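Here we start with a single chain on its own, the form predicted alone, put down as structure tokens.
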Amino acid sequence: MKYRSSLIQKLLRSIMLLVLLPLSASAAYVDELIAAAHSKQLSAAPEWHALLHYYPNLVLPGVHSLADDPAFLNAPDGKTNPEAELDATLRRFFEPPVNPLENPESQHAQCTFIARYHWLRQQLNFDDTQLIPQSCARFEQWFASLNPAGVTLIFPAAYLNNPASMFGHTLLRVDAKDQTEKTRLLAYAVNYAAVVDEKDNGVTFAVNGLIGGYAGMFSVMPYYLKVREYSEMENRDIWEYRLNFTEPEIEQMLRHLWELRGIRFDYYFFDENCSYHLLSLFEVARPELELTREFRWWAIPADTIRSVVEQKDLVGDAVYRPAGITELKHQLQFVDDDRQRMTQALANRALDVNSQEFKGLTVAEQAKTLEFTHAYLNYDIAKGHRTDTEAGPLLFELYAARSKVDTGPAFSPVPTPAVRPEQGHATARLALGLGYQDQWYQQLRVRPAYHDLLDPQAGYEEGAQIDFLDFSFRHWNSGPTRLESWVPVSIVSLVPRNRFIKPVSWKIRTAFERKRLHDGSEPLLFTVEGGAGLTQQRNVAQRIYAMIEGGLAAHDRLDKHVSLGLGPSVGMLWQVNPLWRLEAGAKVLRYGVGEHQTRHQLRLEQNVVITNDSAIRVNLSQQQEYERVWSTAEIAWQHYF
């Protein structure tokens, strides 16, 4: 019995040795790896900082990770301590294998942090007998479904009616090995966006976007869904920039994308937005790019595109994909008034393709009318004016009728714009001016972003203005230097109407600006002005518009501290020649609530382009407030940077 007990004890000791010996060996090996990592200073390497999204602190020394999800980090102080995070990550690679049968969603740390594992393995030459590689079947399956051969940077242009997309948007397309230009829609898109509650109103949306109240996350989805969303539903032209990353760089980028699934970043409209974090993916693929460094305070998609294009040999060709509305406008130029009326009749089933009236057209006219009617119906469906169920049978009839008309395409393709978005003027603007308003003054204006109606139009959407944080300081020859105005936001959309496209033009402007009161003083008032109306395009170069506007002014020195007004405004935009552009306007606002008065304004503003980054602006205006009339003349040199 005694012998038997001794045998059991020896057996248990042997089993313990068998178990503890590898653990002891593993502990020794992980310490060896950590020591090697410290010796090589890997925690300070650009690759490690790119993988963990470490960026320098604004004031204090050190770095912090922009990732705001504890699941992204392994060390308790990993957010601010790259070395501790590297040590903890190495230790996690030695965890026991997971059993996917117990939890299909479970992954080993080598798979969860597969881009870090891949890089550290390269740097430290892991011994597979001591750090056993784990199977990452879920990642391999996902990676195989992408079948990556290249990546393309996608830029849907601005869309004024969606506040989140006023500056445009960027996303990434993963091009598969077996795809061609004709099958690119079947590729997958990588998108970074705020997770927004659909119940949030505009104010909540704006506040959360400014203070980081939304979670920002990466997602992967079919590219054709994004094209349909941007091109057809939101009427946004799309630019596609082929990127020249190598195959290993693309693989590391996608490994890191796998690590980011479900990881939260606080989303900020101005800096940590879609474009900023897309650049961070590029830095993981090629750390020497350092693309995010220049976008410390704000990242405007067009500027990030410009920065990417400026990188040597990074961008290949650029492809233009016009929106549905762009194609409709292009075709409309070649459809005369009679054919436009016939299109409306066909679309409303007031005319049949088998009618004598339609059959009496020439073959070319039939083809043109059928193709244009088809484009118009698709536009109507995208805008929600008709449903697929309603328009589907008619679209099929048009298809069938067009197939019987034996001629080629009725319309030429939409021409690619001569100037791409990143080739337009830079979005920040500095202006130095000289003016006269009862006395001479000198003026300094600084506008961080983005574009107004008179700025050079090449590369921007015609008739659209989005100005943010526009400061104006004046030095009066016989008075002080003072803040003349601060305009947090000014947005204008002047989209012309025609028989088929009937948008509403609108504007909104908030400001702190000096106004002349009844006693002649000029305090800084808080003002909000907005309006809605119609725009008509007289020819390619001229747009005229009319709106009904409302205005609010608030200040302690106003009667009842507030003044509310309403009145009409009219104006004209004219591209006189490629370099000279002007806007003339008139406005009358009758303030009948709070402090009473009637405000008149006449203005003529002109912009002459000198170079791609400079222009001369000349403004003339006359105003009447509280029965006092005064004129202002000003000339300024503007520099875009």
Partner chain sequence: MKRKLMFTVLAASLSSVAFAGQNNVGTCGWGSKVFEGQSGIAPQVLAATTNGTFGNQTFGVTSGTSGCTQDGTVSSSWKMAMFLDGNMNKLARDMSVGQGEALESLAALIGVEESQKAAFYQLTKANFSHIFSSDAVTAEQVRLGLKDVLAADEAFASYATKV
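Residue numbers count along the first chain shown, from 1. The term rigid core refers to the most C-alpha atoms you can superpose between the two forms while keeping them within 1.5 Å. Computed from a prediction, not measured in an experiment: that's the story for all the values here.
The form predicted together with the partner chain exists for this protein as well; it is not shown, and the discussion that follows is about that form.
The shortest heavy atom separation between Gln439 and the partner chain in the predicted complex exceeds 4.5 Å. With a 4.5 Å cutoff on heavy atoms, Gly384 counts as touching the partner chain in the predicted complex. The closest non-hydrogen atom of Lys515 lies beyond 4.5 Å of the partner chain in the predicted complex.
Residue contact check for Glu105: one or more of its heavy atoms lie within 4.5 Å of the partner chain in the predicted complex. Residue heavy atoms within 4.5 Å of the partner chain in the predicted complex occur in exactly one stretch of 470-478, 544-552, 125-133, 486-494, and that stretch is 486-494. In summary, among the residues Ala364, Ala71, Ala532, Ala206, the only one with a non-hydrogen atom within 4.5 Å of the partner chain in the predicted complex is Ala206. A heavy atom within 4.5 Å of the partner chain in the predicted complex is found for one listed residue only; from Glu522, Glu462, Glu229, Asp336, this is Glu229. For the candidate spot formed by Tyr188, Ser219 and Val405, every residue has a non-hydrogen atom within 4.5 angstroms of the partner chain in the predicted complex. Contact residues in stretch 170-186 (any heavy atom within 4.5 Å of the partner chain, taken in the predicted complex) are Lys182, Thr183, Arg184, Leu185, Leu186. After superposition on the rigid core, the Cα of Asp178 moves by less than 2 Å between the shown form and the other one. Superposition on the rigid core between the shown form and the other one places the CA atom of Tyr320 less than 2 Å from its counterpart. Once you line up the core between the shown form and the other one, the Cα of Tyr399 ends up 2 Å or more from where it was.
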